[in-house]
Every structure is written in C-alpha cells, then in structure tokens.
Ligand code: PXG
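Consider the single chain below, provided in structure tokens and representing the form predicted on its own.
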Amino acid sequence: MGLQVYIDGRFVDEDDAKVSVYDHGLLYGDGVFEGIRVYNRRLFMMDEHLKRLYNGAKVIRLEIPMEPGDLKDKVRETVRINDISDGYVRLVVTRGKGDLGLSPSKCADPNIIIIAATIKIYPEEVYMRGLNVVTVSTRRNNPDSLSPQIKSLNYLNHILAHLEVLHAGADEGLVLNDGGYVTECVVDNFFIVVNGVILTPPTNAGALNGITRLVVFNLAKEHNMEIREENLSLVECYTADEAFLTGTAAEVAPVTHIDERPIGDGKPGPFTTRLMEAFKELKENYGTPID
C-alpha cells in the first residue's frame, strides 16, 4: 500500500487519488495551495501557512469547506497516518468540479487535497558550495494583474522560467519585473548582503511574502543583523558581498554565482552561514506536533 492521500473528504491510496477532469483546478488552475515542512514530527510554521491559504482563497472568492482548526487537524492526521517524521505536506484547495465553461459559479463543492511525503530539492553539498543562479528572460507577472501573494494553482509563469534554468544547467533562476528589478527566484525568495546589511526585494516589486522569508527577517533581528526591503538591480546583485535564497523546500541556501559571476569570494559568506545555522536550530525545536 502506498501513501494515503486525503481527497474529497476521505483517505485513499495514492494510486486511487483522483480529481474529476471537470475540476477547475485542473482545467483553469483555479485554486490555492501551500507547501508545509515537517521536522521532527512537527509542522513548521503551520499557522502562518494556513493564514496565507485562507487569505489567498478569500481574494479569489473561494470558500474553503473546512474551518482552519479542523483543516489543521486533518493535516496533522495525514502526516501521522503516513508516518512522516521529516518531510513535506502539499495542501491544495481547488474550485471543484464544474463544466467546461470558465465561470466558477458552476463549481458547487471546492475540493481539499492533502499529500504528505518526503522532499529534497538540493543535495547536501549544494549548501556547502552554494548555488549557481542565472537570470531568466521570463518576467514575473505584474502584481496589478496577478498578485504574487496568492499562491494559486496557475504556475505557468514559474514553469516557463524554470525551463530556462534547466536549459542553462543552473540550480535556480533570478526573475525580474517589468522595470528590470529583481523580484525573487523562480520558486524562492532572494537576498543579498552589502556592507553588512541584508537586502531583499519588496513584495510590491513582485515577490511572494514567503513564510521562510518572514522567518529570516525574525532571525536577522534576533542576531542583530540589519535587514530591509529594497529594489535590487542586477548590478547590485553581481557586486554583493553575499547572496542567498529562502523557501519552504530549499530552506536557507547560499548563492555563490550569478550569471557566471562569483558573489563575494565565491563561497557561502558569514551572514548566510549564521542564518543557515539559526534556521537549522529553529526548525529542530519549533512547530505544531502531529501527535
């Protein structure tokens, strides 16, 4: 028997976890999702992820058919049933089954899907040597058209950018906005360190206000590191002393090369290393127990 997936109000084997071909999450990318990490049988930043899920659903007028507390318990149950001690939860809410028309009004019952499994984005040596990042030509969606604060199921903009990363043989990609400023990486938030100050693009430039991004802001303040939001040009990134990225799956990872240019001395820097260590300590001791 494989992993047990919560879908359509019940647990089923992963091979039997199916959605209707008329589900608007499939047909139109109409829905929201969250990725949540599990460390030491604890759900990391669970409440923050749920808050963002419900906020995103509210913006697109998608009513999640479960109260936050009940959904939290169902996520815990999914992790527990699959005996995941360290892993990843993908929590998805689709608009539900409708017809071939675009209108959400034909979708009566939103569908909740919870998958608990394991995940590893980068091999361990990447955290020692750093990531090789390239700038992609695909621009981030204009926030006035589609807010980056909505983690919607429509990820084509990110996929197009990731295809460029794959073609370049790189680890990640920097994505610019219409003004030519850095927004974030393809699926991670981006930071640089200049003269002892940590800088990251503001959310109104097109960056997702990531959960791990918020954790890094808190950790930086706890360790008396100055951190602020600021529009970043590629020149500023190329000439930075350090660079790193953050994400639920990637955690905190050093960036040592951008567009074939070494950042600093081409090795993970002291600010990045301290934040990586602080994050590791936090994740091992903080979270919502699944038992």
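The first residue of the shown sequence is 1; numbering continues from there. This one's a predicted model, so the numbers in the text were calculated from it and none came from an experiment.
The same protein also exists as the form predicted in complex with this ligand; that form is not shown, yet it is the one meant from here on.
Contact annotation for Arg140: at least one heavy atom lies within 4.5 Å of this ligand in the predicted complex. The shortest heavy atom separation between Thr256 and this ligand in the predicted complex exceeds 4.5 Å. Interface residue remark: Tyr155 is counted as part of the site for this ligand in the predicted complex, having a heavy atom within 4.5 Å. Mapping the unseen interface onto this chain, Asn189 counts among the residues with a heavy atom inside 4.5 Å of this ligand in the predicted complex.
Site annotation in the predicted complex: the residue of Gly98, Gly210, Gly173, Pro110 reaching within 4.5 Å of this ligand with a heavy atom is Gly210. A single residue from the set Lys74, Lys106, His162, Lys151 has any heavy atom within 4.5 angstroms of this ligand in the predicted complex; that residue is Lys151. Screening 65 to 73, 260 to 268, 48 to 56, 223 to 231 for residues having heavy atoms within 4.5 Å of this ligand in the predicted complex returns a single hit, 48 to 56. Taking this ligand as positioned in the predicted complex, the residues of 248 to 264 that bring a heavy atom within 4.5 Å of it are, in sequence order, Thr248, Ala249.
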